[in-house]
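What follows is one chain in structure tokens, specifically the form predicted on its own.
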Amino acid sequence: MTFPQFGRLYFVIVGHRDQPLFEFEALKHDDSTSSIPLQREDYRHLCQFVVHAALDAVEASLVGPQGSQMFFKNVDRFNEWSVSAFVTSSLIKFVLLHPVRDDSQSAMRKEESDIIRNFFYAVYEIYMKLALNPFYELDSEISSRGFREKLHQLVKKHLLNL
């Protein structure tokens, strides 16, 4: 079974040692065209590669003139994907790989930027609730089914209409 490359969303929470703490991928149901169909595992590895490569750009943004910000839009691009990131005060990184929708594919529209920013703040809220749980060890893999379900609801609410 093949999955379309364009129209997929890939979200990952990255820990302090650049290890993935949580991964989530979603397919936009209205998108059925693809230039290069990929197997599910190949797609996952490609997304991991793109996100890992974008971490350098995220960390460079932290020390630059935008260093006091938490949300970074379009920190990197790969083909028809754009990478946006959110860095918490404890330097945990939320990274979203999403399709570029502009015709010029050079800049994100303001409304898309606001949608992604709102999504990141909503994820930050549920992440903080998890981090404050005494049974969760910080910087460890997130395996909570409740967290995954809440994140799935946030993706449906915020991102599937991008």
Partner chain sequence: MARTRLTPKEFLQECFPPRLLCLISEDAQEVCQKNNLDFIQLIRPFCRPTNDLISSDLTNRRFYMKNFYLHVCSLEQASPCNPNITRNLFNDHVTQCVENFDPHHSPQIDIALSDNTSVAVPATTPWYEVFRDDYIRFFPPYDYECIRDLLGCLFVVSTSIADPVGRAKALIEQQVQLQANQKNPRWLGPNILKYFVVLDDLSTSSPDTKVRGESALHYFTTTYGETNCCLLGINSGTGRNIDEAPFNPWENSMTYSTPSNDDMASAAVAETLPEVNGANEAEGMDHPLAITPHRTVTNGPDAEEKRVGMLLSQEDGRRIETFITDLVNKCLVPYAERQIKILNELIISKKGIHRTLVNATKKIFGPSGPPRPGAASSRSSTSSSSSSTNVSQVVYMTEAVEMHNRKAGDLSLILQLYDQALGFYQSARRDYSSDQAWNYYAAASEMCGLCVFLSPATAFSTVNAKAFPLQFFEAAIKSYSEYGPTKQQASQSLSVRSTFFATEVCKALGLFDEAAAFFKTHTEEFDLLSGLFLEQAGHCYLKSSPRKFSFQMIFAGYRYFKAAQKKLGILAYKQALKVFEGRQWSIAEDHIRMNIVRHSMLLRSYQEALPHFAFLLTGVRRQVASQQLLILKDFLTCRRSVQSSPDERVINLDIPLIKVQKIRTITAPANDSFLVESVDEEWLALEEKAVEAKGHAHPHFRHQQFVFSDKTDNRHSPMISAGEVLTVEIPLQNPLGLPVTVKAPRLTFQPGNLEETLVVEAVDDVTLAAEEETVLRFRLTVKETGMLKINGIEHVVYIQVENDTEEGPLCINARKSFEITGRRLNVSKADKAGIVYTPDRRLDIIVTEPRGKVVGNWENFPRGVLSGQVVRLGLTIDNQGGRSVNHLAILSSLPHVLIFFNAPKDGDILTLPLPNGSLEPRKKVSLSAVFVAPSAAGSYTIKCLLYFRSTPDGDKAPKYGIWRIQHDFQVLPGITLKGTIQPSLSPSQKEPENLITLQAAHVNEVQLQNISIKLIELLSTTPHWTISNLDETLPPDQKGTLISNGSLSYGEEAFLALLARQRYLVEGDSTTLSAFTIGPELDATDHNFIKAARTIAAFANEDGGRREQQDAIRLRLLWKVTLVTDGKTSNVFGIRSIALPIFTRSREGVEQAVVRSPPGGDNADGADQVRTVPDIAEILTKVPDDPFVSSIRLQSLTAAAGVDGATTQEAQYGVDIISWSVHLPEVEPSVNDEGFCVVSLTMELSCRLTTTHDSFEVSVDLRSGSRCFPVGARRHQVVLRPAESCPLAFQYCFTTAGTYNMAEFVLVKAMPVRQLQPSTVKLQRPANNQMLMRIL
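In this text the structure is predicted, and so the values were computed from the model without any measurement. Positions refer to the first chain, counted from 1.
Keep in mind that the form predicted in complex with the partner chain is missing from the display, and what follows is about it.
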| property | result |
| --- | --- |
| Every residue of 85, 112 and 115 near the partner chain in the predicted complex, heavy atom within 4.5 Å | no |
| Residue contact check: residue 48 to the partner chain in the predicted complex, 4.5 Å heavy atom | yes |
| 4.5 Å heavy atom contact, residue 16 and the partner chain in the predicted complex | yes |
| Residue contact check: residue 52 to the partner chain in the predicted complex, 4.5 Å heavy atom | yes |
| 4.5 Å heavy atom contact, residue 78 and the partner chain in the predicted complex | yes |
